[in-house]
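This document starts with one chain, in the form predicted on its own, laid out as structure tokens.
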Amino acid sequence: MIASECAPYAKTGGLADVVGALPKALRALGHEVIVIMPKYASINTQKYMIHPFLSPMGVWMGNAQEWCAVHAATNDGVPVYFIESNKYFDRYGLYNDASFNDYQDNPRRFGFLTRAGLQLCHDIGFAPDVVHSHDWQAALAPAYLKIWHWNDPVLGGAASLLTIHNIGYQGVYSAASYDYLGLQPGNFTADKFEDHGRINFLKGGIAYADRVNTVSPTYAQETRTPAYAYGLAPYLNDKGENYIGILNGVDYTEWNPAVDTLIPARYTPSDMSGKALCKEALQRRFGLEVNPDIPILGIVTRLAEQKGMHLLAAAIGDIVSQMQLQVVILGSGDKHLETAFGALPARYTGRIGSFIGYNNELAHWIEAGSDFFIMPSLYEPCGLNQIYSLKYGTLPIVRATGGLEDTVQQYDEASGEGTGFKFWEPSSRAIYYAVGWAVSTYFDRRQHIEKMIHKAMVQNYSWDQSALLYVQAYQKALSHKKGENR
């Protein structure tokens, strides 16, 4: 696997969780997996026992030779190799500077990462059956395999799988770096890497990959349509059956209230007393009125328009003013949204608490102590927090899109069946009514809430099943590769 981030070493979102967890699940099934990622300045080498492995390593690009070093560690038995290049990775952020401006050399940085990952396979004699690349940052791997390595003794037999974690990020940059990337002039065409005169990493990766997947079945269907695909729907539809959706799994060794060491008290579906203690602790930590009978709505998110947070910001005043409800917020991102959500505790003292930033322990506290968890996303490739919420008996309130649609079962008011509350319209009004529906159920149909909580907590979205589906995808990628070579 080649990826730009991997938990626990470097993380900005769900991509890191997948690259951290999926290799372990594959290894448990008997497969040999290595992970290759950058050695960012932010990675704590001592904490993770990362050690020098290979130096120097030469990497041929299209019009230059680069030199780097390789470091290594193991993540629960999975070898992880870190490409060290002060030129490209010794800087403030993974993708952007402190002002959230993309690094202008990102195409060179991640083109180099991908070439270095393939070079490392050569240097250590690792001949993969499949090169699994993640998102636009590693999307050149399928192209490099077929342009540069088609008759290579180490990489010539390798098939490619490209996973799209979020199609809103495609790696579209100036064509000035095209010669450096070594993709050949004939590939700078509208059906491959050219995008209105610029380079589009993801588009070219889709064209060359033996198989492409995204991280939920519903998102795979959505991204075949212009409304969700950010211009790439025709190219995904051209893949036919070689474009699929595989739902992300979650790591229940970390996200499970029965074993969670970060929360104030542990609990299980058969003994929920610990959840009440978690709720009280959460109310105290956020300065809310301590009252077990008031439901808490939890939010842990990136504060961004994609997450629907601008819609929630417009509705939240009416929600807390007109409903008996408390709200706790943990998130960072858009500065205007940070300001808006950061100001709410002063305006609604004892009813809303917020923490602008990220705190892993606090994320666990919110999952454990809340009664409901809201995700009003405009689109959501998979989403993980709604799956965490299910396990913690914190009923999700979600917009029915992508993985949110696939993992939350709609509440049936007649029978009490379901695991959460879904709405479809991307609007502040729809958010208001969905929250109102959940709150009224909390007070008026308590037996339904308890039935839903129990059903939610016994759902299983572990990596075990998803890993098997990835193995099938690898096998079909290999079949496609062999079919092309016949």
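Computed from a predicted model, the values in this text were never measured in an experiment. Residue indices: 1-based, along the sequence shown.
Another form exists, predicted together with a small molecule; not displayed. Remarks below refer to it.
**Q** Give a yes or no for residue 14: in the model of the complex, does one of its heavy atoms lie within 4.5 Å of a heavy atom belonging to the small molecule?
**A** Although the small molecule is absent here, residue 14 would touch it in the model of the complex, with heavy atoms inside 4.5 Å.
**Q** Check residue 223 for me: does it contact the small molecule in the model of the complex (non-hydrogen atoms, 4.5 angstroms)?
**A** No, residue 223 sits far enough from the small molecule in the model of the complex that none of its heavy atoms falls within 4.5 Å.
**Q** Residue 363 near the small molecule in the model of the complex, any heavy atom under 4.5 Å?
**A** Yes.
**Q** Classify residue 300 as contacting or not contacting the small molecule in the model of the complex by the rule of any non-hydrogen atom within 4.5 angstroms, answering yes or no.
**A** Looking in the model of the complex, residue contacts with the small molecule include residue 300, since a heavy atom lies within 4.5 Å.
**Q** Spot the stretch among 188 to 196, 231 to 239, 119 to 127, 354 to 362 with residues whose non-hydrogen atoms come within 4.5 Å of the small molecule in the model of the complex.
**A** Going through the listed ranges, the match is 354 to 362.
**Q** Using a 4.5 Å cut on heavy atoms, which of 410, 306, 291, 75 is close to the small molecule in the model of the complex?
**A** Among 410, 306, 291, 75, a heavy atom within 4.5 Å of the small molecule in the model of the complex occurs only for 306.
**Q** So which of 184, 332, 177, 96 reaches within 4.5 angstroms of the small molecule in the model of the complex, heavy atom to heavy atom?
**A** It is 332.
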